[in-house]
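Read on for two forms of one protein chain; each stands alone as structure tokens, with the labels structure 1 and structure 2.
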Structure 1
């Protein structure tokens, strides 16, 4: 667990988190690995994790009936993947699959939600950081859609 705490403390997402919060978060963390083409999650599935990508790349995709899978964003080393674990009804809104061997820290969303309910300071800090990721993901989706529709005109 100490190793996971150190990894979390060194990650920019958790910069300035207090040691006691890093202890709580590390208690919800585990190492995971995804081979190429392995899905981390699919749209509509229950969202109970988020990931700190340590190596490799993950494609975040949405499905268009006429175009099939459309890559919205590619997530790589040092980035965060997933915010649906924090917002009811806790369902994934995109698909995500490894496009190369990917190693990550998986954070259990149910575990974190319980800890955030007990410690509002931790919950507020996580919500602010996740909101920033959501904004970036929505902007990427917007740009992808503008590009896609501009190409068809």
Structure 2
């Protein structure tokens, strides 16, 4: 638990979090490892975790019967994966699978949600950080949709 707290404290996502909040969060954290091709989650399943990726690479995908799996984004070291745990109905919108051996810290969303309800300062802080990541992803997705490198025919 102490080592988890140190890892969390060093992660940019938890920068400036108070020690008591880090304690609360570390109580919901565990070390996890995914071998290549192993799924972290699948679309439609209950979203009760999010991940701080420590090493390796994860592909976020959608599956369409006509086109098969389409990778939308890859997430690597230092990045955060998953926010569906914070927003009802708490279901994953995408599939995510490890492309390489991936080590991460998994945070139990259910456990965190309860703590956030009890401690609104913690809840607000977490919400702000997650909102920031969501905004970043939204901008990146927009650029992707714009097809900005395409040549004009």
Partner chain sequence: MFLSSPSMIPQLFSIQNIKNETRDTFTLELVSPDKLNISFHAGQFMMLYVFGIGEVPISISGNPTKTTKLLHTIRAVGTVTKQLKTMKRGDVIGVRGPFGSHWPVDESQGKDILIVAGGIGLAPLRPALLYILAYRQRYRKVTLLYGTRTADDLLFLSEIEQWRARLDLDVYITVDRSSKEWRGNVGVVTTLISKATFEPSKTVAMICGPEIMMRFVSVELQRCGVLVENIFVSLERNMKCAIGLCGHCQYGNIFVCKDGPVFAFPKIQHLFGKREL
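If you superpose the two forms and keep the largest set of C-alpha atoms that fall within 1.5 Å, you have the rigid core. Residue numbers count along the first chain shown, from 1. What you see is a predicted model; the values in this text were computed from it and never measured.
Undergrad: If I had to pick the form predicted in complex with the partner chain out of these two, would it be 1 or 2?
TA: Structure 2, which is the form predicted in complex with the partner chain, differs in this respect from structure 1.
Undergrad: Does superposing the core leave residue 9 with a CA shift of 2 Å or more between the two structures?
TA: Residue 9 C-alpha, core-superposed: shift of less than 2 Å.
Undergrad: Core-aligned, does residue 65 move its Cα 2 Å or more between the two structures?
TA: True for residue 65: a C-alpha shift of 2 Å or more.
Undergrad: Core-aligned, does residue 137 move its Cα 2 Å or more between the two structures?
TA: It does shift by 2 Å or more.
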